[in-house]
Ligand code: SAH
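The chain below stands alone and is given in structure tokens; this is the form predicted alone.
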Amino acid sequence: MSKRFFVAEPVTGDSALLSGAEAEHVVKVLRGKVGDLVTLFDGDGAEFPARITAVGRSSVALAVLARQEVSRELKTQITLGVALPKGDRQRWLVEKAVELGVAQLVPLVTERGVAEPNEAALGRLRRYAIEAAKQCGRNRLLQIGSPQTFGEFARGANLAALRLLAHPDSTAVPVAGLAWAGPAADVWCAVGPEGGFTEEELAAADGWRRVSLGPRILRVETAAVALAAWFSLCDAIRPGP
């Protein structure tokens, strides 16, 4: 069982406090007691070995023993724009994106979308990102961006990045066949809803390359994770700068 805990406030001194769900996990799940050692992270890239100094009903106080700069990030910055699927499929999507090293996930508002990325949904996605980071050892959180239309997402992309649109039509090229400068280059990927992007939405894709992930029809979350997995693997096997 993981003994990594997320601290909402930046860890800057020699003490820290867990509250809410994180404290409840220590107290009720781990049965934590004074003297136990855990690891804290605040989402900014470092992790902090810490010792429990006090256990209350709704909070846990800790002494911070050290600051360790431990990066488990990709050299490539991957941004996924995704028309969210329904229900628990969102959680699976976020978990795998975190595990694969995606830097940012932006919910896309599309004409054929099936899930509304409202504030409650965004809050759930951010909680999923924290839980996944605790499990897989990342010290930087997957950033959940504000909902955007595909046009807004396309126009806001880094123009120097490799910009890919998962849209398997006759002009699409296999993603594995792309010439890619990586792993230092950014990658922006867009995945539409199960009904696909409309022609009006596709018109905003100036400068984006249409890619295919094979002859089978993939669900939204499968396509997004497949793209992330491909570039995560490329990042791992190519020499960095």
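None of these values were measured; they are calculated from a predicted model. Start at 1 with the first residue shown and count on from there.
Omitted here: the form predicted together with this ligand. The next part is about that form.
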Query raised in the report: Which one, 145-153, 71-79, 165-173, 130-138, holds residues whose non-hydrogen atoms are within 4.5 Å of this ligand in the predicted bound form?
Result: 165-173
Query raised in the report: Which residue among L218, A229, A21, L17 has a heavy atom within 4.5 angstroms of this ligand in the predicted bound form?
Result: L218
Query raised in the report: Considering G214, G56, P49, G45, which brings a non-hydrogen atom within 4.5 Å of this ligand in the predicted bound form?
Result: G214
Query - Residue contact check: F197 to this ligand in the predicted bound form, 4.5 Å heavy atom - result: yes
Query raised in the report: So, in the predicted bound form, is L62 in contact with this ligand at a 4.5 angstroms heavy atom limit?
Result: no
Query raised in the report: Taking 4.5 angstroms as the cut-off for heavy atoms, does G32 touch this ligand in the predicted bound form?
Result: no
Report task. Examine V187 and determine whether its closest non-hydrogen atom to this ligand in the predicted bound form is within 4.5 angstroms. Result -> no
